[in-house]
Every structure is written in structure tokens, then in C-alpha cells.
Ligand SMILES: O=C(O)c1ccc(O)c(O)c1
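We begin with a single chain expressed as C-alpha cells, specifically the form predicted on its own.
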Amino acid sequence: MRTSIATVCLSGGLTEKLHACAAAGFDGVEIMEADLLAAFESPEEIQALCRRLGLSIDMYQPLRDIEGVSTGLFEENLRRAEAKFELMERLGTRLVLLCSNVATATVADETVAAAQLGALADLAAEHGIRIAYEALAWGRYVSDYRDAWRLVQLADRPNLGLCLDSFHILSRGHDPSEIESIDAEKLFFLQLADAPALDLDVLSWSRHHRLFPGEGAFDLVGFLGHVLRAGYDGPLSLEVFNDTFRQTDVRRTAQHAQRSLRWLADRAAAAGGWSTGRLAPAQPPLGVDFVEIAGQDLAAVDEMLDRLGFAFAGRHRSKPVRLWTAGDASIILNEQDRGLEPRIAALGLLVADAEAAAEHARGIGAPPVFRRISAGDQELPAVFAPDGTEVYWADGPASASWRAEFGGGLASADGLLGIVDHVNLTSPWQDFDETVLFGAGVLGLEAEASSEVPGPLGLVRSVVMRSADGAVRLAMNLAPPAAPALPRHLAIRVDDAVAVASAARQRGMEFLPVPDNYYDDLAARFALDPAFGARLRGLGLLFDRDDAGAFIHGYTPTIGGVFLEIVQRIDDYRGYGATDAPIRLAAQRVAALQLTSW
């Protein structure tokens, strides 16, 4: 599999982009005209740089607004095109992208359009150049790849073929299966992009909200399968217009882009039964093995866990690390970090084959974690998530061996019994989409529909990544740009949240204060039994209900950058109390302001 990327996907100047593409492992690039025009290097110098970096210049783009015009305007278009062909000769590339006319087309006649495409192709042939014709989703007369293919057939020139772009096809809801009927030798180029499901005009959607494969709502696996079955054997190339990617570090974004293509190629190969390019098989997570909270001083977290009813399971035999458990939920407190406030720093996941999971992750491009271990310690393979979180894997029952590294714990006959319900990993704006891809591509999770929650400083975007059976749920939250970083949290599921909260209160636990106005509204919304409503109010618990069941939950105060949540799912409730999230965000802000006012 050859990989390519359009320079428009990346931030910086052209030479910076080329170095980043080469470092990320791309085989080639599409050079965007705007990038070349803004470069101080000559076309010959750009060609030489690409040669030194091992990059092919797969395509130059774009030529615009050529066909479907009056005779006089077409003559001017040919003059303009020939200047581009001469530039391409200096650049050393032999393929140009021609977009269907969106601005100057006035002749709605396929015969005229095909004749003009043929004349353009004849001119290009004099310079040894091929033309890849692309139907833009907002093209004036040609907006469907099938219409573009018909014009290419009518023009009938050997150097005129198609460029297929997943966005232009899938955003319009066109059926990609007919790609398989196109002659393979006429499939000159393939451009790939994902996108979220948005109710937006297609031009704005395309120009600002494209994503790398695996991060949006398009069925790119199925789309690529159609293209490959048609016989396409050229590079898989990315063309992603996205405001975020044009602001983030160019090298990191290039690596992110390369990982998305590796994931897509692997998924398409698996779906199509091809063995070429396959990675080690993904390992769907079977459960959460542990959650690690790291920081310089975690004494306050120890106290919080004790008051919640967690059992102290011992200290590590060689490191300043402690273990707390609550039934099947394990929390590791790691004080090896210096100068950092408490935060969720690592996750352990149970899988069928830990080494295969790590090999799959490394094949996609996730960076490995170095973990210092002593004699007798279990080796747990791990990689870094985009936000720096460490993700470890362990093989089913074998995971019990790492617990043997802890000793001196205290048995508890009446402690908390629970399981990890979900982990909330807030991400900075520049990492969010990459983190979603990591959840799908590396961890084998599926994304639920994106949602937005109103907070006191703006909307918080949230995407939950979950395993098929719901045993692992990771909530990815994105704070508003102007807001401070949101704390992360761990939710522990219990059978009786009211009893757990009551027992924790007796041990001195103070939950996050909830306004009385919330409980007044709660009684009106759900017609709760007054005694039950009073119980929730007295304990600081929140409540939600839908057609499938109900949800009782409560939050601890925030310590540094972390807090815990106790949850109870009743019947088949599958949500996360989204209607309560604005209350929690506002209450946490009030608590933070009160803390800083001292």
C-alpha cells in the first residue's frame, strides 16, 4: 500500500510540510497550488527536496472552472491550463487534478463539456501530463462521480481519467457501489476523507469539517472496498480540509494522518478478505483491569477512596505506588510523578492476547511506553494515547499476577463492591479527533453519536467510545477553547448508589454540593416519591430516567485534576446522565472558585 497526502492537510510552509510527510512515512504528496505559490523555493528546488526525502509528487492540484463554458472563455482556459502544465514539468509531476466547474459553467450540454475536456487532455498530452477529473459535490452541472465518468468516456482520451474523492461521493449520499463498474485504468487517483454527520451546506462542511479516516461518520471501509474491487492500484491519499489540523504541529498531524490510513487499509483488507497490508489482529477489550491516578502527593486521594469504602490492597514492593480495590474495580495511586497534580494517567485493559494488542497498536503507529520494572514484576505492554495517557494490556486471568506485587493491604468485610462503569478522558482541542481515532483504531472501540453539553464557560463536546458489550466505556470530552482544562474522572458502578452514598457519608465523605433548584425541578420532571427525592437531596445524588431505565449518580469533590463518580444503572439505562452534566459542571466551577478565593 502506497500512501500519499495533500499538503493542504497540514500547517506551516511547503518545505515544513514535506519534511513532516517524509518523517511520518508517507510515500508521496499532492502539492496544493497555494502552497507552491507561497513558497520561496523554485519548482525545481521543491522537486529536488522531494527526491532527497524519498517522496513522489503524486499530483498537482487544482485546475478549476475549465469545462462547460463559451468558446471564447474556453480558449482563455486553455492558455491558463498550459501555464500550469509547464509549471508541472518543472515540478516533476505528471498528474493534475481537474475539479468540475462550479463558477463559470454556463453550457449545460454534455457534448460540449466532453469536447472541451478532450481538447484540454490533448493539450496536456503534449506535455506528457494526465488529467484526473473530479466531480465536486457542489459542481454546477457535474456533482456526481457517475456524471464525471460519463464525460470521461465521451471525451475518450487515454490521458483523461477520474479522481474519486470519498467526501464528494459520500456527503451527497451517492451510491459508491457503481465505482466497481468503472474501468480500472481510468481510476487515476483516490482521495480519502472522513467527516462528522452534520446538517450543513456541503461546501462549508467540506472546507472546515473533514476528518481523517476513522474519526467521522462515513463508511470509508465500505467505500475503499468498492474502489479496490474496481481494480484501483494507486496510492491511498488524504485530502482533509480542517481548521484544527491547519493550526496544530505539522509533524504530529502528519503522524496522525498516517495512522488513520494504516487503520483504514487494515479494516478494508479485513472486510474484503485481503491479506496484503494486514496488521496484527485487533484485540477487543474485555474489561478495565485498572485505572492509575498519578501525582506528587496523593494523600487526599487515599482519604477519598477510604471514605468511599475502597479497600486498601497494599503498597508496591519497590515503588511509591499503592493499590485500592472495590470489588472488581482497581485504582493504582502512583507518586513517582514529581511536581504534577493528581490526574488519571493510565488505564489497564483486559484482552485475550496482550502482546497481539500491543503489536496491532504499534503497527498503526502508536508510540510504545517504556515502563521500568524490577525482577519478578509482570511485563505489561503499553502505548501512549495522543493525550499522553498510558494504555496497558493484560491477558485475562494472567492479570492477577501484577497484584501480587502489592503487599500489606487491609482486608475489609463491609467495603465497597463495584466495577468500572466508564472513564472520562478529557482532551485538549488539538488532540480530540486524534483521540477518537485512537479509541477506534488502537483499542477496538466503537464511537457513539457525538453530543454537546452546555457548561458555564461554553459547550463541552463529548463522544463515548465503547466496546460492543459495554464492558469498556471511555468518554472523550472536549472543553470550550476559552475554558480551563476539565478534570478527568472515573465512574464506579454499584448495585445501590443510595446505600453506598449513605455509608460514605457516615465515614465523613462530602459529595459535590448540588443546588436545591435542581431537586425542585427533579421532582417536577419525574414525579418522584417525595421520600426518595428527599433522600437524593440529602445525599447530594442526581437522577435521570429514560424509556429503558433510570440512573442514580453522585460526584466526589475534585482533587487536582481528578474526581470519582458513583453510578447505579437501573434496568437497561445506557446513558450517562447527560441532562445532569450542566449541573455538575456549574457546581464544580463554583467549588473551584471558592477554593481559589481562599
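A residue's number is simply how far along the shown sequence it sits, counting from 1. Keep in mind that this is a model prediction, so the values were computed, not measured.
A second form of this protein, the form predicted together with the ligand, is not displayed here; the remarks below concern that form.
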Position in contact with the ligand when the complex is considered in the model of the complex, options His168, Arg259, His360, Arg488, heavy atoms within 4.5 Å = His168
Contact with the ligand in the model of the complex, heavy atom within 4.5 Å, among Glu434, Asp289, Glu239, Asp194 goes to Glu239
Hey, of 264 to 272, 206 to 214, 301 to 309, 72 to 80, which bit sits against the ligand in the model of the complex at 4.5 Å between non-hydrogen atoms?
-> 206 to 214
Contact of Gln568 with the ligand in the model of the complex (heavy atom, 4.5 Å) | no
Applying a 4.5 Å heavy atom distance criterion, does Arg545 contact the ligand in the model of the complex?
-> no
Distance check, Leu136 to the ligand in the model of the complex, heavy atom within 4.5 Å | yes
Does Val494 make contact with the ligand in the model of the complex, using a 4.5 Å heavy atom cut-off?
-> no
Counting only heavy atoms, which residues in 522 to 559 are within 4.5 Å of the ligand in the model of the complex?
-> none
